[in-house]
Ligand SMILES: Nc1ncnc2c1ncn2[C@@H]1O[C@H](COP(=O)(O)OP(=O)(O)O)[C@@H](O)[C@H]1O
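Let's start with one chain on its own, the form predicted on its own, as C-alpha cells.
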Amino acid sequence: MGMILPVASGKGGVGKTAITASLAASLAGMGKDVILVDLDLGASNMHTFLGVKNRDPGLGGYINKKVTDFESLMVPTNIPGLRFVSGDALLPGTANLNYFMKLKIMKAITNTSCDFIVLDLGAGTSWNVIDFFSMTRSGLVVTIPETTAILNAYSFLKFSLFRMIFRQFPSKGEERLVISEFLADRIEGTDKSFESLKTILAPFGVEAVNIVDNTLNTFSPRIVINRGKTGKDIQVGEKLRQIVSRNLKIQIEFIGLIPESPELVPSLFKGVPASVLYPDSQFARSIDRLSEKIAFCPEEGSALSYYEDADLNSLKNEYISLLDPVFFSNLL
C-alpha cells in the first residue's frame, strides 16, 4: 500500500489540478513510484496537464463495469516513475458515484502498491469528494490569498471534520441525528465549537466522546497557499488558522506557499507539468520543496510546528532562498 495523498480545494479556480500534476511529477523525479488518479469525477481533465491522450479506459469504465481490474487502468506517462489513472468523464454516470462503488474504488486505492498514490479530487464539499479526502487524516487543501477562497477552504475543513465524526457512528444510530442537528446550527460567532460535541454526545457513553476527541486530535490537514503575489499574502494563513482553531478545534499545518506563475498556461498547452517544463522556475522550486516535505514527512507535522505559527514562519524563511527576495520583502 502506498502513501495516499488526496489533494482538494474548497472552490474551483485555485490551481489545484496544476499543483497536483506538478507535485506528482516532482515526487516521481525523486525516484518515487507514483500513481496519479483523476478523481475529479464529471470534470476530469488531468490528462491535458500530463499530455496523455484520453483514449485508454479510466475510472468511468471501472464505474460502468466495462473494466474490472483497477490496476489495468494505470497507464504510463512521459515522466519516469509516474503512472496515471484517468477520470474518463465522457462516459455517462461517472459523476454520480454510488456508495458501494465509492467503497470499491477506495479499497482498490488502498490495495495499490506504490510509494505515493496522489488523488486529484473535485472542488467543493460533495460527500464523494470529502470521503475520498478522508482516506487519510493529513490530506492537502489548496487555496489562494482571497477572502472567498479562504472561507471556502474553511467550509471544506468543517464539513470534512463533520463527515469523519458522523461516519464513525452506526448508520441508524441516534448519534448521527444529534450530530446532524449540531451542524445545522451556526457555530461561527458563538461560544460553541466542535469541542461542544463531546458534551452533547456524553449521554451516549464514553466511547462516543472518545470518537470525537480522537478525531479532533488526529485530523490535521495540510494547507497549500497558491498564487502568492506579495509577502502579505502569507497572512491569510494566520486568519484561516484562527477561525479553524476557534470553531473546529483542530490543528492545520501550512506546508506550501506557491507564487503566481506565468509558466502554467504554456505548460498546459504543451501537456507538460509546469515544474517539468520549467525546472528552474520559482514555481518548480516551490513545488520541489513541497514534495520534499511530503516525501520525508508523509504524515502531518508535530504539534511544535504550529506553535506561534512556526510553520508559517518556516515558509517565510525557507522560500527566501528559493524565490525572488522581493516576494518576501514585506515580511523581513
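Quick note: we count residues from 1 along the sequence shown, nothing fancier. This structure is a prediction, so every number in the text was calculated from the model and none was measured.
Another form, the form predicted together with this ligand, is not on view; read the next lines as being about it.
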Of these, 253 to 261, 198 to 206, 152 to 160, 235 to 243, which stretch puts a heavy atom within 4.5 angstroms of this ligand in the predicted bound form?
253 to 261
Distance check, Arg227 to this ligand in the predicted bound form, heavy atom within 4.5 Å
yes
Using the partner position in the predicted bound form, report whether Ala18 sits within 4.5 Å of this ligand, counting heavy atoms only.
yes
If we define contact as a non-hydrogen atom of the residue within 4.5 angstroms of the partner, is Asn64 a contact of this ligand in the predicted bound form?
no
Should Val276 be classed as touching this ligand in the predicted bound form when contacts are defined as heavy atoms within 4.5 Å?
no
In the predicted bound form, which residues of 42 to 57 put a heavy atom within 4.5 Å of this ligand?
Asn45, Phe49
